[in-house]
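Below, in structure tokens: the form predicted on its own, a single chain.
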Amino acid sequence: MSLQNHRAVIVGGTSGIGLATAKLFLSQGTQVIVASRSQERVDAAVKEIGTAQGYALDFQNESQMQQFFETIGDFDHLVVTAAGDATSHGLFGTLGIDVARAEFDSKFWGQYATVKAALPFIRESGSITLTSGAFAARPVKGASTVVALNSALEGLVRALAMDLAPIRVNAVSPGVVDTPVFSGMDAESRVVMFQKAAQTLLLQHVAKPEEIAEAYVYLAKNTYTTGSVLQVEGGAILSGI
């Protein structure tokens, strides 16, 4: 179960969970290729990582996706961490359907399109790991779009595991993670929010990206896991029972 000399493509690999995952793959002796929408972030990530290749890529643009995978050629592992968890909240019927469509277009259809474009180039011994979210297993009031979106992704993973075998297809389902997605908040509000979130978790702390990255690398390494959703949420699901 070594990743030495494998090639891994990480879409969304320039910040937060994706960047931590890229670094961890590199520590396993894997050749890493990162991609995200922002050329600035790509350049910064490649500089920070040191030995990775980087590409600016809009994973909702099918022609860009096709050209990207044709350029990089065959590889072993696809990881998609792009498009963080959907953020719309409100009781069903209070949000416009356009909001739900936009979030599905990004997180669900973006990952769907990425797999479709990548598939001809993934080796049969390789893997695909997508990203859902803990709301799929622990719905909360006012989050119907987020719950439906992550549930749809997890259903897609199970179906793809059957359709694409022997390529392995799995998902990581994070809970609250301290990533740049919260960088728009002032520091004090962010600390208070994380403290409150931590109090609801069995493990009493909000995850760091490096903790979630371990899950993606495990799913790439384990050659007998497919169709699975790996929950990495600090006990959020059990603490809600």
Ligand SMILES: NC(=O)c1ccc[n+]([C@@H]2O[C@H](COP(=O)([O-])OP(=O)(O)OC[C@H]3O[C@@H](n4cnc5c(N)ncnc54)[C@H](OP(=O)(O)O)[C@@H]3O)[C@@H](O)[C@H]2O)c1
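We number the residues from 1 along the sequence you see. What you see is a predicted model, and the numbers here were worked out from it, not measured in a lab.
Only in words, not in the display: the form predicted in complex with the ligand, which the text now covers.
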query: Contact segment among 184-192, 31-39, 66-74, 197-205, judged by heavy atoms lying within 4.5 Å of the ligand in the model of the complex; finding: 31-39
query: Residue contact check: residue 53 to the ligand in the model of the complex, 4.5 Å heavy atom; finding: no
query: Residue 22 within 4.5 Å of the ligand in the model of the complex, heavy atoms; finding: no
query: Touches the ligand in the model of the complex: residue 231 (any heavy atom, 4.5 Å); finding: no
query: Residue 107, heavy atom within 4.5 angstroms of the ligand in the model of the complex; finding: yes
query: Contact set, 47-75 vs the ligand in the model of the complex - heavy atom within 4.5 angstroms; finding: 57, 58, 59, 60
